Structures are given as C-alpha cells and as structure tokens.
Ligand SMILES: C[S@@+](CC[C@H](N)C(=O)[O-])C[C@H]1O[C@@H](n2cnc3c(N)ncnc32)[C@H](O)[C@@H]1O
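Taking the form predicted alone, here's one chain by itself in structure tokens.
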C-alpha cells in the first residue's frame, strides 16, 4: 500500500529565487509545505518508503508547478526545514521540458502539473480522501488501500479545486473535533493507518 498526500500551496513560490531564511514570507508560506513533507516521511529513526508527497505550487508568474517526493528513492532529506526548502528550491530551478517530469535529486521530481492534473493522474492509482473539517470521523470510517489524501495549506481549497475533487466522488474525512495545521493532520492520518496496519510501516 502506498500513501499519497497532495498539498496545495496557494501562494507558494514556483521559482527558485527565494531566500532559505525567508520561506514563510518571500516564498509564499512554503514553510507550511516543508513541514508537510517532513510529516509525510519522517519516523523517529527512519523514512517512510511507502509514501509520496505532491506539493502543488500556485504562486508567482511561473505557476503551476508540482514538486513530488517519493519515499521509495528519497535521499538527502533531513528533519530541518532549511534543508527541505533547499531540495524544493533546487527542483524549482530545473528547466522542465513540456509535458515531462524532471528529477532534481534522488526521490525529488518537478513538473508543470496543475492541481487538476495531479488529481487526475493519482485517481487512477488509488482512492481519493478529502480531508475536511465537516467530514466523517476518520476513526469511525474505512480507509481505502492506496489512499490519496488531499488538503490545503493555511487556506481551504478554492471553489475550483474543490470542484475537481468532488467530481471524483472522494471520501470526505475529518481527523478530529479541532482544526489542526496541515502537517499535524498528516501525522494523525499516518498514526491511524499505522494502528490499522501494525507492522507494515515500521515502528516509532
């Protein structure tokens, strides 16, 4: 089973000209996406190999771009936000031929895929799960094999993005009674899946 996470950065930079010490401001809240990457992959002493993160970057004149992290081949990912930001920045500096995905470092890829493109491609690999506050309680609902979890950054999905999701008839789930940061939602979802599939994702 592979766990996919799609996170939309509505103002996230799509060029690599931002400063690594200003990812919350000059890079359009890229800090949120960086924390999401770390939550998708890090265990205490290991990396989750069965996970992929798709960061859909929608800020700036070169939008959209999607940076994909694949746990199966991921290297050089460290827990600090600066090094993760550097991996994303290096990806954004790569020239991207039309219709192609470019490898920037082991396990990190960049393309010009839009949110709609990502959802369309992933919906052929698994089942969409829209993480939304008004959804059903994830502890009381079935979770599919090869789940594709979709969530926004510090903003909800736009009406257009939500239409793309809802057209695929996703499950709509909530992770609890309180609103949490996107990266915290990812940790909760991982924990719920780990509890249901004990032993499949390594120990914490």
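Keep in mind the model is a prediction, meaning the values are calculated, not measured. Residue numbers count along the first chain shown, from 1.
Missing here is the form predicted together with this ligand; even so, the following discussion is about that form.
In summary, among the residues 193, 180, 20, 187, the only one with a non-hydrogen atom within 4.5 Å of this ligand in the predicted bound form is 180.
Taking the partner from the other structure, this ligand in the predicted bound form has a heavy atom within 4.5 Å of a heavy atom of residue 176. Although the partner is absent from this view, residue 152 contacts this ligand in the predicted bound form, with a non-hydrogen atom inside 4.5 angstroms.
Mapping the unseen interface onto this chain, residue 131 counts among the residues with a heavy atom inside 4.5 Å of this ligand in the predicted bound form. In the predicted bound form, at least one heavy atom of residue 156 sits within 4.5 Å of this ligand. Proximity to this ligand in the predicted bound form, taken as heavy atoms within 4.5 Å, picks out 167-175 from the listed stretches 167-175, 23-31, 139-147, 63-71.
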